[in-house]
Every structure is written in C-alpha cells, then in structure tokens.
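One chain follows as structure tokens, the form predicted on its own.
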Amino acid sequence: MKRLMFSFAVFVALASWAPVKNGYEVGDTAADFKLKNVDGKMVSLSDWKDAKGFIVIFDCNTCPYSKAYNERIIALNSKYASNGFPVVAINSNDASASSGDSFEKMIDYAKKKGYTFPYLVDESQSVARAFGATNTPHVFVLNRVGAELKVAYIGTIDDSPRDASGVSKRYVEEAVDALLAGKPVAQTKTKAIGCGIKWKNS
C-alpha cells in the first residue's frame, strides 16, 4: 500500500510539472470568436462564408513595429482578400495601460489609414490568450479544411521588421501562396518581432 501511495504521489508531482499549453500550435483548429469592429458591428470569422482562410494579425496603434508594418499589412489584404484570405486585425492591448490603443483611437487610426479590413477590439483579451499571441504584430495564418480552420503558420510577417525595403523573406506571403496552390507551407513558424501585448493586471 505504501509503495502504491508513493507511486501515486510521484505521478501527481510529475503531472504538476507538465507544461501547460499556451495558445495554438501549427495544425491546431482555431475556434471562432466574435469581436467589435471599428464600425461598431460585431464580427466573426464565420461571417466570411466563402473564405479559404484568414490572415489574423494581432496589432495595435502605438507599437513602432506595428507602425513600420502598417503599409505591408494593408498590402497583404489588398493582395489576398480577393483570393479568399482576408486580413483580420485584432487589438488586444489594455487601453488603461496604453491609452493610444483605446477603441476611439482605433476608430481614428483605421479611418486615417484607410483600412479595408476589420480592426477588432479584444477588450477581454480572451482571443489573444486563446491564440497565444504575445506581440504586435503577431500573425496566425488559418487555412480552411472542411468545416474547420487549421493553423498553418505562426509568427512574423517577414524578415525586416523595421524596414520594408530590406525584406528578403516574406513568410506570410509564402505561406498563403503555398496554401492557395494546394501545397504544404515550407516554414510554418517564425519568431514574432514586436512590442509585447499590454496585458491587464488581473
């Protein structure tokens, strides 16, 4: 009996050290969500009935990296939305920690930049946590497989965060191009470079 109790205690101890999964990995099925867009309407991925997938980008108004990538994000939507992979941008920053990321400032920013894609506020930060987003920008390319959206790529947009003229590897474009061609994504994960998401204290 003592040996049995000892074995159980060891099992519990080892289980407590098991890593806790934090967000999606490549190949996981992404759950749908419903968030408020800058136009005041609620948006879900299921709203796009004919989408082949999505370029989900956790972004914000204030991060220098987000600002440097802004035109490239607009270009991604211009290039791929008509091919079935629209951009969906999400701001998960806590506005009390970053006043420049308030919903009102998001509205102004989207209007100033002429966004033609949704810019959603993740006020509870639940979507960022579900995805495992850590930075702005942080990209998750989702591919529709049957009725499910599978994570096909996670990471940065390209290899030149600060300077668009220095890009030599366009990770997101290469991933989406491969999916559109029915081919596997060659590089499925890179490190997201940018400012950390401003999390709520509680």
Partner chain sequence: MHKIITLTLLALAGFLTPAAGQDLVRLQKLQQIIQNEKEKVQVINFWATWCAPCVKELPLLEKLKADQPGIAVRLISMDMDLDPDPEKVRRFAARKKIQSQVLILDERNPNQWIDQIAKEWSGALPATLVINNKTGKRKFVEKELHEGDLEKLIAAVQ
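Residue numbers count along the first chain shown, from 1. Because the structure is a prediction, the values reported are computed rather than measured.
The protein also exists as the form predicted together with its partner chain; that form is not presented, and the subsequent description refers to it.
Contact annotation for the candidate site: 141, 143 and 179 all lie away from its partner chain in the predicted bound form (no heavy atom within 4.5 Å). Proximity to its partner chain in the predicted bound form, defined as a heavy atom within 4.5 Å, singles out one entry of 159, 39, 47, 148, which is 159. Interface residue remark: residue 134 is counted as part of the site for its partner chain in the predicted bound form, having a heavy atom within 4.5 Å. By the criterion of a heavy atom within 4.5 Å, residue 188 is excluded from the residues contacting its partner chain in the predicted bound form. The shortest heavy atom separation between residue 54 and its partner chain in the predicted bound form exceeds 4.5 Å. With a 4.5 Å cutoff on heavy atoms, residue 27 does not count as touching its partner chain in the predicted bound form; it lies far away. Contacts with its partner chain in the predicted bound form, taken as any heavy atom within 4.5 Å, map within 56 to 75 to 64, 65, 68.
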